[in-house]
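Okay, so here's just one chain, in structure tokens, the form predicted alone.
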Amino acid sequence: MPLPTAGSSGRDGRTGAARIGHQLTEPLLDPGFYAGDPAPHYARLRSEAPVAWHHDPGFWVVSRHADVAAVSRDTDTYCSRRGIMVFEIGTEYESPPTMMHTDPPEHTRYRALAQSGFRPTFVRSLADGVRRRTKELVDRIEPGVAVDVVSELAVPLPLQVISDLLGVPEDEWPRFFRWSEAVIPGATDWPEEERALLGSEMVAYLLAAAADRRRSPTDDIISELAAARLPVSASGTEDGGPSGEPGDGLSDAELAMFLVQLLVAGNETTRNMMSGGLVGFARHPGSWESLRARAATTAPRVTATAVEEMLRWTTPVVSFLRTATRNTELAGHAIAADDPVLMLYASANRDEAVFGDTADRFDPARDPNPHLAFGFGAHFCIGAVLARLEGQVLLEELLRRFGTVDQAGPVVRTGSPVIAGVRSAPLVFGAA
């Protein structure tokens, strides 16, 4: 029996299980769903409809770890160039808005151009600066006094570090914050016109900085990208790869693609891992004290393990979309060519089949921890080393000063279906 094609009666002839799947996927388009606690609903999806079809606008939802990993690794069958978010379904881009919207081999070429700025040796060389900035922020916190860790720690630290990487003035970080928030769907309730204006300001600023670096290069990522030259294999592509002839520099559209992604992804995900992870400690009595006791003897290993659990627990990127390039099958379900497939990383990272009966528990000692918070396969997050460094240094500096952490008020989350954002998280740190 042939696989059904998009829109065929084979897929739309709904069984009872398929109808249940649609009912379970409906909340995924409701901003209020993400502002609450979606974890129990993800558990139902994994149990009752792990591969479910949502009728309007029409996409599959994949919620189990194994299936999300399978889609992620198979870039030939599931492509990114036709959109990575639900609202992009049916969109055609003249040029890719981010590197995440490309596929190998084009993605491989683009990634090679940006990789040098995130090579492990270079990122580790930033450790002293990251620690200095972290210490300055942590030392402002008073024991026993409630502090919003979002505004006081999680927002400024990644933005200051990204400012260093980009080679732009550190004191501009409040502007970068507004720009970054403006381009994340659901992160704010700002009018669309304001968000578009802020996005345009960001692109203009970054392109002006790139033009300046071409004239006067310095030791930063903008200078590297402004001076980058296309490899021979990048010329003449017709499907979204690097434009121009071998030896040419990146176009303005390509430079903007790189720099916007570095600025936005480089702080949004790390910020929400930090704030959401600290809330995890506050909500699980004894977890901070246990980590502190273990860190007294083996700090780097213990805190690195805890950061992995912060990443799993928060899963800053909730989901991304792929589009099937051909008829295929996933976990026994026929996926038709042109079908969009939404990978729910936030659900995959709570999958009992991988993380056992403690999957829904915050455990800073969890090891191994094969989470998918950085994605999987070709699109594995290019900034993973930097995010881990920032998270580990933050934990070490907080553990140095404080013996306890408790919640001091309600945690307010964003309604974004893309980034698991935390708007405010009042916590109280107790003296060591």
Ligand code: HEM
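This is a predicted model, so every value here is computed, not measured. In case it trips you up, residue 1 is the first one in the sequence shown, and so on. Think of the rigid core as the biggest set of C-alphas that the two forms share within 1.5 Å after superposition.
Separately, the form predicted together with protoporphyrin IX containing FE (HEM) exists; it is not shown, and the next lines address it.
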Exercise. Can you check whether residue 58 is within 4.5 Å of protoporphyrin IX containing FE (HEM) in the predicted bound form, heavy atom basis?
Worked result: no
For this session: Would you please decide whether residue 378 lies within 4.5 angstroms of protoporphyrin IX containing FE (HEM) in the predicted bound form, comparing each non-hydrogen atom pair?
Result: yes
Exercise. Might residue 265 be said to contact protoporphyrin IX containing FE (HEM) in the predicted bound form, defining contact as any heavy atom within 4.5 Å?
Worked result: yes
Exercise. Is there a heavy atom of residue 350 lying 4.5 Å or less from a heavy atom of protoporphyrin IX containing FE (HEM) in the predicted bound form?
Worked result: no
Exercise. Do heavy atoms from each of 99, 373 and 387 fall within 4.5 Å of protoporphyrin IX containing FE (HEM) in the predicted bound form?
Worked result: yes
Exercise. Here the chain is shown alone; which of 176, 288, 345, 355 has a heavy atom within 4.5 Å of protoporphyrin IX containing FE (HEM) in the predicted bound form?
Worked result: 345
Exercise. Looking at 292, 82, 133, 107, which has any heavy atom no more than 4.5 Å from protoporphyrin IX containing FE (HEM) in the predicted bound form?
Worked result: 107
Exercise. Looking at 319 to 327, 211 to 219, 196 to 204, 134 to 142, which lies within 4.5 angstroms of protoporphyrin IX containing FE (HEM) in the predicted bound form, counting heavy atoms?
Worked result: 319 to 327
Exercise. After the core is overlaid between the shown form and the other one, has the C-alpha of residue 341 moved by 2 angstroms or more?
Worked result: no
Exercise. Does residue 257 move its CA by 2 angstroms or more between the shown form and the other one when the core is aligned?
Worked result: yes
